[in-house]
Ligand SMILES: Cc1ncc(COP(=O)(O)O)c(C=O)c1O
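Below you'll find only one chain, the form predicted alone, shown as structure tokens.
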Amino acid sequence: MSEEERLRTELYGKITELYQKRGKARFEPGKTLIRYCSPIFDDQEVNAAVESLLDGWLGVGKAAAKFEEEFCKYVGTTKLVLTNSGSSANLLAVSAAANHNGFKISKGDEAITPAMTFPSVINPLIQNGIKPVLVDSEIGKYAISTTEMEKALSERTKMVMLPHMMGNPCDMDFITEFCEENNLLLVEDSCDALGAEYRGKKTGTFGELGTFSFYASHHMSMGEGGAVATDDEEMEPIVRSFRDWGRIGAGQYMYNHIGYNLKPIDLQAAMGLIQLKRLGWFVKKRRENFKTLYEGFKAMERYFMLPQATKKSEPSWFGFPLTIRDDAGFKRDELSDFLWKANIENRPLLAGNIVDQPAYRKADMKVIGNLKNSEKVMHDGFFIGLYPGIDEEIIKYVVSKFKEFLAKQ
């Protein structure tokens, strides 16, 4: 063993020792902050990151290549481009689709997408000159309304931009058939839904392009990070080109696209390879926590619309979403304030109805119908955490605090 190898081994050992001494923090009801989500990692990820740093290369390298290979195996696709965030993944996917000769997408063409969404779903459409056509979603499932999708179809429709909100898959039987019949490109945003399945097939693999996020609050984490998956051999180099300044291939100064620099660093990929090994347990624990929370909230169905899995699906829940009923007798802000005082984090359901957000009031969009469900969720929807760091003791406390609030109504 060389001197460097000995020092590295000693360093890795010290990091492991530190994490072992830390142990698990004890939960103190009312004092411990119950987060809506938090990354789960330990000495293995830290040692992988340190090893990557010590190897002396910060750009995209061998860990990124290995991660792309291993992640493809997990989701069941053939090509993957690692990027620096899920938002970047969506931008790359839409930019690549808009510049792929086979799809013939022109400025002013339309993409069907839900109004109940997150900004990074709709922004790439606007940024590429594609008009978002906004349709309503279903409360409880938080999935795009298939009935409204049919109403949104026009001669300029070229794409469906489809987020699997809160980790619950959309009706992929209908959507894949709808896209095939109308010759529409399907981009799946699976950033909230890593590990979710429909008919045993992972979300993010039904369309021409699928996107994923590895942000700190998501199912697995690199701190920041994302990926674009595809089975289209012509599409993958376009996505990679847009990620790498528009460059043709690595190491060349030839550019065939007006691209970006949206690369991650190898340190993130090194952490991601360890996280990927844990992902099966992460998803399993989220499903278990969802089930435990659901059982706890069944007695409160008088006040809340409870989440529902799409038929034929196995969700990978991002959080536990709830929508307050019209006749509940209280407002969301009242409940939210009470929960925060009990140290229970809660969040609105992402952007709610995107039409109501200030940035989009003058955006070139088309709205189908009255978006009544999206509007309802905007004002009365929220979610609480179920990430793997939450156990049954914490869930019992959370449920008890909800019941305490309702008893005062």
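This one's a predicted model, so the numbers in the text were calculated from it and none came from an experiment. When you see a residue number, it is the position in the sequence shown, counting from 1.
Keep in mind that the form predicted together with the named molecule is missing from the display, and what follows is about it.
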Inset, instruction - Heavy atom within 4.5 Å of the named molecule in the predicted complex: which of Val60, Ala48, Ile344, Leu350 fits that? Just give me the one. - result: Leu350
Inset, instruction - Using heavy atoms only and a 4.5 Å cut-off, determine which of Ser213, Thr113, Thr230, Ser316 is in contact with the named molecule in the predicted complex. - result: Ser213
Legend entry - Full three-residue contact with the named molecule in the predicted complex, heavy atom 4.5 Å, for Ser87, Asp192 and Gly225: yes
Legend entry - Candidate stretches 237 to 245, 133 to 141, 260 to 268, 120 to 128 - the one whose heavy atoms come within 4.5 Å of the named molecule in the predicted complex: 120 to 128
Legend entry - Close approach of His218 to the named molecule in the predicted complex, 4.5 Å, heavy atom: yes
Legend entry - Ala97 within 4.5 Å of the named molecule in the predicted complex, heavy atoms: no
Inset, instruction - Spell out, yes or no, whether the shortest heavy atom distance between Met165 and the named molecule in the predicted complex is within 4.5 Å. - result: yes
